[in-house]
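The chain that follows stands alone, in the form predicted on its own, written as structure tokens.
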């Protein structure tokens, strides 16, 4: 591969249901690239609980801490404690989800050519702080709704959730998006999206901070759209966008929608970045309906591995791997069923390996 050998350690959590069926061949393929990577396997989930009494024992946490990064397989809940640690424990505040059209993939769009944008989702705040409760509990606060014009607890029997947007959280993810735009070829544009017309205090704050930070990057074009307007534009004119930054909930939803533009969640890579740690995982779920059939699309995991290799400074290897994946799609002979083919997961990985000459 003509890649400078640098010793790196990757922790691998294989995930649940069909997830190991894409994680395992991805690890094997990267291992064959001979980059000098050491793999460790923290014991998590049901297997860990059976052996240690804990679903995420201290020794597994230590293996993650000692590793340079983690490759995480999709979880249906069994590995949930380790995922919480990777996100909130490691403060991986920026969830980066590329949306890239690979010629040959089965897109529902008539003209998907040239789609190449990245959604940067704030990963720790918003409604995902996990504070919910009964409306009746708000009675002592006597909070009056801006639209309903009466105390919120008087709406009736119901429940609430807190949306939290902080300056620190917003600044770091928005600045991350601008820095990412500087590294990308092409448009050099950052788009922020939020629902500031209905949520002027929270989403309006996110917008205010985005506008402030945009002034620090005169080399990057900046624009903003209300989130529902953005959703329409993303479908109608996806080639317009470069880097899009948004609060947590919108990013979670719209990045899955973006995957549909280029083919499916089976193509959706993901990386979660903090100040000093990152982990990588496919954006799709565990696919329990096809577990054991050997037909789950490995593309999302392989593309997540490309992001991981780049993070570890294996730039050449990341580029070669992504080019190999693109070549398999361009040829179109060994694609998985979700892409209209008949190839197995291992067939697709073998085709990728052939193009890497490994």
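Keep in mind it's a predicted model, so treat the numbers as computed, not measured. Numbering follows the first chain given and starts at 1.
Keep in mind the form predicted in complex with a small molecule is missing from the figure; the text below concerns it.
K.L.:
Tell me, yes or no, whether residue 128 is in contact with the small molecule in the predicted bound form, where a contact means a heavy atom of each within 4.5 Å.
P.N.:
Although the small molecule is absent here, residue 128 would touch it in the predicted bound form, with heavy atoms inside 4.5 Å.
K.L.:
Can residue 102 be called a contact residue for the small molecule in the predicted bound form at 4.5 Å between heavy atoms?
P.N.:
Because no heavy atom of residue 102 falls inside 4.5 Å of the small molecule in the predicted bound form, the answer is no.
K.L.:
Classify residue 116 as contacting or not contacting the small molecule in the predicted bound form by the rule of any non-hydrogen atom within 4.5 angstroms, answering yes or no.
P.N.:
No, residue 116 is distant from the partner.
K.L.:
Residue 87 versus the small molecule, in the predicted bound form: is there a non-hydrogen atom within 4.5 Å?
P.N.:
The answer is yes: residue 87 has a heavy atom within 4.5 Å of the small molecule.
K.L.:
Taking the partner as it appears in the predicted bound form, which of 201 to 209, 79 to 87, 169 to 177, 151 to 159 has residues with heavy atoms within 4.5 Å of the small molecule?
P.N.:
Every other range fails; the passing one is 79 to 87.
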